[in-house]
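Presented below, as structure tokens, is a lone chain in the form predicted alone.
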């Protein structure tokens, strides 16, 4: 069984999970939440197995490296990180109704990676710039940050729905507003920490690869913009006591920066990270 086959099955697994989470929101049956959560953990296990199998396959080909080197692999790992972070917080807060957005995003990332003709899914040798021990540390930390921001994006959408339509059946499914705010704050803090580490490891790696800690490459610049947006969210919350709707809107705007950092920069701007479009 190849990693491509396993990861293709995982794509539809995340679709099934998103349907289960949406069904929970529509029918409000507690057992659907348990089924959705169990399914998500099973699919995450299969997703992990697919990544490890792809890693092994690269060694079997004599070009062994972590599956983090191109657009296909980063999309697959990004989907894994998104659901891993989400399930961590679901386990912590015990509320499965937030899972529809993260699981749908994971499905879309996997579907794009698996079925887009512009994405090459073949295992390829590392280009010289990526032959570094910093590759794993930099990519994993950045994507853990992005994943947490994706979860925050979902929570922010839920918060806005509950705020705008407080008496709707959908709003009644979600937890107390204060719990939503705390949940959102915790995920932003988690993501901000990992993105900070990701930027630091990237700077150290850039110095060893290109002789400079910072080159104002488009990817670097937009990573910094994303970091500043979330820094502003945390600053406004702690210093100006911003809560609720303001934080939710800023979180959604921040995730827009995340998406542009990943997709927009890759396809619209050229730079030292051009290999990420392949």
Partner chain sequence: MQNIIKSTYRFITSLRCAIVLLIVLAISSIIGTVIPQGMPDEAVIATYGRDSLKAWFITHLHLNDLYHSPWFQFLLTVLAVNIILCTVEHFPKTMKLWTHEHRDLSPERLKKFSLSREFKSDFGFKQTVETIRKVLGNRFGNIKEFNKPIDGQWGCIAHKGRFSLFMVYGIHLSIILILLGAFVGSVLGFRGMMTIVEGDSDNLVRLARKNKAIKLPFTVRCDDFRVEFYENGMPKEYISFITVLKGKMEVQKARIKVNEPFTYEGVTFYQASYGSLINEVTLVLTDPEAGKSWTVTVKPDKPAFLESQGITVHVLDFREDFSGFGPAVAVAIMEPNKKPEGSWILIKFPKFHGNRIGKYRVAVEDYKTIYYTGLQVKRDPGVWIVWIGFGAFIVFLFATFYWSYRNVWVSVVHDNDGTRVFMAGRSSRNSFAFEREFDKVCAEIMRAFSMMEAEGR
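If you're wondering where the values come from, they're calculated on a predicted model, not measured in any experiment. Positions refer to the first chain, counted from 1.
Beyond the structure shown, there is the form predicted in complex with the partner chain, which is absent from this document and is the topic of what follows.
**Student:** Pick from 26, 228, 52, 38: which has a non-hydrogen atom within 4.5 Å of the partner chain in the predicted bound form?
**Tutor:** It is 228 that has a heavy atom within 4.5 Å of the partner.
**Student:** The partner chain isn't shown here, but in the predicted bound form which of 119, 189, 97, 84 has a heavy atom within 4.5 Å of it?
**Tutor:** Residue within 4.5 Å of the partner: 189.
**Student:** Heavy atoms within 4.5 Å of the partner chain in the predicted bound form: which of the stretches 102 to 110, 119 to 127, 76 to 84, 156 to 164 has them?
**Tutor:** Of the options, only 119 to 127 has residues within 4.5 Å of the partner.
**Student:** Even though the partner chain is not shown here, does it sit in the predicted bound form so that 196, 204 and 212 each have a heavy atom within 4.5 Å?
**Tutor:** Heavy-atom distance to the partner chain in the predicted bound form: all three under 4.5 Å.
**Student:** Answer for residue 218 alone: is it within 4.5 Å of the partner chain in the predicted bound form, judged on heavy atom distances?
**Tutor:** Yes - in the predicted bound form, heavy atoms of residue 218 and the partner chain come within 4.5 Å of each other.
**Student:** Heavy atom to heavy atom, is residue 252 within 4.5 Å of the partner chain in the predicted bound form?
**Tutor:** The answer is no: residue 252 has no heavy atom within 4.5 Å of the partner chain.
**Student:** Within 4.5 Å, heavy atoms only: does residue 63 come near the partner chain in the predicted bound form?
**Tutor:** Result yes; residue 63 sits at the interface with the partner chain in the predicted bound form.
**Student:** Does the 4.5 Å heavy atom contact test between residue 136 and the partner chain in the predicted bound form come out positive?
**Tutor:** Result no; residue 136 lies far from the partner chain in the predicted bound form.
**Student:** Judged by heavy atom distances of 4.5 Å or less, which residues of 225 to 252 approach the partner chain in the predicted bound form?
**Tutor:** Result: 225, 227, 228, 231, 232, 234, 235, 236, 239, 240.
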